[in-house]
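There is one chain below, alone, in structure tokens, taken in the form predicted alone.
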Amino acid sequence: MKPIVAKFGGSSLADAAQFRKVADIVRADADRRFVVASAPGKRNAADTKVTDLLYRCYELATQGQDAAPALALIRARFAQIMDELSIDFPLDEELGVIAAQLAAAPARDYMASRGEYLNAKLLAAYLGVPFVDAANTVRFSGDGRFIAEGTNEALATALRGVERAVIPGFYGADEAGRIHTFTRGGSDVTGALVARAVNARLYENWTDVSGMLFTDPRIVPNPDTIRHISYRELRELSYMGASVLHEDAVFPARAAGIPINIRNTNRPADAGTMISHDLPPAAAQRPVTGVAGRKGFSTLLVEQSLMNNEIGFGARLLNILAAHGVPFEHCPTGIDTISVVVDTAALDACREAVLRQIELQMHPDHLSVEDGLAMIAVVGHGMGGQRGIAARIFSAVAEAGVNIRMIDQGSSELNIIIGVDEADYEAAVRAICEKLRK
């Protein structure tokens, strides 16, 4: 039987009580052979994540300040878990190595990774299984680029013949041994990489919710749980703000055809959300799978008479953005106009330079930037075969008194994306969800 890879998030490993739940889950199925661990998360709303404490240590050290108090808080978190679970582990020795590295040559990624490193070591000791360090198996280049195939080969080799193991998430290393991390939440990615490397039959991602929700519960109370979702639908919803799973975690699992199951550590009997290539018939026929969105976009509007006759006009505009490290999100066009939707924070870092280059290289008739845009995506495989979905979305927004500033639909008819003023974002989401429920 192919193994199951189980990744447990920070809330699932925040304290000794959560460790016990994780151990019960792992031992409940003999196929859960490979476990990926995150750093301890918050125990309550007022708590601090261990990763944030580690970042604080780095910042204090680089500013020439004493990081010992922050390190003491980290020690207390791990010591409490050890004491309550009677784990025999050389914590002070490991922290001594970390403190020495911090004093000699502070490195941000190295410090950030130590939460996963220590927590995975504790979990391995508690479960009585080997610890396999991601630094020896997850490959990065010297400049921090992730190396996918090299990682797959290294993980497959390291885990071949290993019956059970715990692997820390979030980080890897380059050939020189320097630690590099994924973006926050990157333990999800590690879990998917391990699943691919061991040819798992299932990748379980254990967190503190019972799967993905139809929309944001902070905006729409008690939304339905999505029982089945395709990789492509997940990708669209994750990108637009549905944050139950790191968006890059989809790729390794999808490449290997491994389904992902989002599960709740605190409610292990719940089925959660299953993510796969193929959907059950009932799920494939539903018109809409979910609604997601986020704020913080700007629209770059360029007007130029006879633009449609000028070959390469759009390419030059996008090349200017690319040269300044600004990715474009959407690009609706007209005969004499082109609008490029970009992340406001990315544009703010180089706004004046970008506008100046557009003026110098393209000589537009009109150039402007509008900030304060929120994007809302309505996603579902069934939308393409159902009449009236777009009409219901637009009428819902109109009835809520919200002006639509932009409309974009992908060629696959998998999603419809609208742009509204940030001030109208919540009202628009509520109106769309209410209309779609009828």
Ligand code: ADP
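Residue indices: 1-based, along the sequence shown. Here the structure is a predicted model, which is why all the values come from computation and not from measurement.
The protein also exists as the form predicted together with this ligand; that form is not presented, and the subsequent description refers to it.
Stretch-level contact check against this ligand in the model of the complex with heavy atoms at 4.5 Å: of 212-220, 363-371, 156-164, 141-149, the positive one is 212-220. At a distance threshold of 4.5 angstroms between non-hydrogen atoms, residue 250 is out of contact with this ligand in the model of the complex. At the 4.5 Å threshold, heavy atoms of residue 135 stay clear of this ligand in the model of the complex, well away from it. Contact annotation: residue 337 falls outside 4.5 Å of this ligand in the model of the complex, judged by heavy atom distances. Though the partner is left out of this view, residue 419 does not reach within 4.5 Å of this ligand in the model of the complex, counting heavy atoms only. Residue 208 is the only one of 84, 208, 303, 348 with a heavy atom lying within 4.5 Å of this ligand in the model of the complex. For the residues 275, 111, 123, 242, the 4.5 Å heavy atom test against this ligand in the model of the complex is passed only by 242.
Contacts between 1-34 and this ligand, taken as any heavy atom within 4.5 Å in the model of the complex, involve 7, 9, 10, 11.
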